[in-house]
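Below you'll find only one chain, the form predicted on its own, shown as structure tokens.
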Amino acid sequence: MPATIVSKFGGSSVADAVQIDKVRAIVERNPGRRNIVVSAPGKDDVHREKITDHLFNIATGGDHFRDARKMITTDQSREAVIGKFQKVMADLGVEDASLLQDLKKDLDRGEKIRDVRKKTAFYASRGERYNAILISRYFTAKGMRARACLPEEFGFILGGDPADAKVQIESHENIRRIQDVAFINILPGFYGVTSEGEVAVLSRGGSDLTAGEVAYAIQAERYENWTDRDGVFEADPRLIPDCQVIPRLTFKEIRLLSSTGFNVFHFDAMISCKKSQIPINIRNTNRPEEKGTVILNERVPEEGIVGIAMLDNMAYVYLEKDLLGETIGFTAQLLQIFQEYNINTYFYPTDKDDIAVLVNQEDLVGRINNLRREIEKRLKPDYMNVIYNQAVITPVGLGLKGDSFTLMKAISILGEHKIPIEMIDQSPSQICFHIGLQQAVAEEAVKILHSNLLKRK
């Protein structure tokens, strides 16, 4: 029997009939692919919004799109959801009136749920649920022994906030119970049920997490994450078209890259795989012949830098106060204030008498005045300022450990090109460093660093 592979297909991979047939061919090509986790259908040429966004719109009475300044009513979202499944079914040749009937009943049933968080979770889960059912029936029609394995039936148990739930340990045993070599399991990602049987969802992007938990539960040979990209690139390919896919990364490296602008997949999905040393292979559904990027617990570093990430639209709050660095608890109190205002902090380089806290600029909208007032009241800084329109560039690579020359070279090269640097901070792990600069010069800086530090000859 071939080693078991868990394969997760994202929204772009299951967006329409053409994409779903590509998924079928990929699954059929390797008999080890026995557990297939699918997202809700993504955008296509007809449906310009994701199905999950339409479902959120229904759950929020139209506020979801209204907040994004899109005039799409709940009735229009309902029509879009039903229309999407109707079209995909027709294009695949799947005739199943009961699937659409059940979907319509669920869209009606959700209106009776009074708890806002539970209502949101219920609606948000319907895209994955019905896509898994549809894909399993298409596979079956094509002669593949497939079955939909729904969380409410086998027991993918979640706990906590129903709209941002956490996987419970009993889910792993329940996943192991549904393993049967005679069948290909098609599992919907993103949602599960509470111990009371109510629908709950993981955080957005949670289909990655579902697949990671399945891989961990069955101790899979590998976890394949199929997307519309060839893998993890050295830099943003929209900025540097000739940059290459990174063949191998460690979990530490991908963590650093993802926290500084590489939006690859849900980080929590990596934790269980890392624990059991299960490799994660990021691949392209549209180019299955490409090997993609493999994420491992350990690799032999063959280079200094493997990738350059960029966080844009940043700002930093700068404080000065005499003896700040010698005041026990000052930094903890400052970060506590940011937490109270629900503002995520990225870095906070500090010195004897000053500190800078980097945040996403958008997180300050509507909060900055109250945040300033609270900091003034509780910490009484001698001086405080907010510097907007910043970016942070982060070169990452295992080979940087113990190598101070690459950091010095990066600073020198940027100086030669008249790129002003606002801030420099080296990671304690020594496998990355952060360069803060103005947003206006950030893209040019990435191109310069890629060309001089990373471009393969």
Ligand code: ASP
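Don't overthink the numbering: it's just position in the shown sequence, from 1. For clarity, every value in this text was computed on a predicted model and none was experimentally measured.
Although not depicted, the form predicted in complex with the named molecule is the subject of the following passage.
* Sole residue of 77, 136, 171, 207 within 4.5 Å of the named molecule in the predicted complex, by heavy atom -> Checked against the cut-off, the match is 207.
* Answer with one of 130, 223, 190, 316: the residue that has a non-hydrogen atom within 4.5 Å of the named molecule in the predicted complex. => The residue from 130, 223, 190, 316 that makes the contact is 190.
* Contact stretch among 279 to 287, 295 to 303, 114 to 122, 199 to 207 - heavy atom within 4.5 Å of the named molecule in the predicted complex -> Contact-bearing stretch, as computed: 199 to 207.
* Distance check, residue 64 to the named molecule in the predicted complex, heavy atom within 4.5 Å -> Close contact is absent here: in the predicted complex, residue 64 is far from the named molecule, nothing within 4.5 Å, heavy atoms only.
* How about residue 33: is it within 4.5 Å of the named molecule in the predicted complex, going by heavy atoms? -> No - in the predicted complex, heavy atoms of residue 33 and the named molecule never come within 4.5 Å of each other.
* Could you confirm whether residue 52 comes within 4.5 Å of the named molecule in the predicted complex, counting heavy atoms only? => Although the named molecule is absent here, residue 52 would touch it in the predicted complex, with heavy atoms inside 4.5 Å.
* Asked: Listed by sequence position, which residues of 29 to 47 have a non-hydrogen atom within 4.5 angstroms of the named molecule in the predicted complex?
  -> If the 4.5 Å heavy-atom criterion is applied to the named molecule in the predicted complex, 29 to 47 yields 39, 40.
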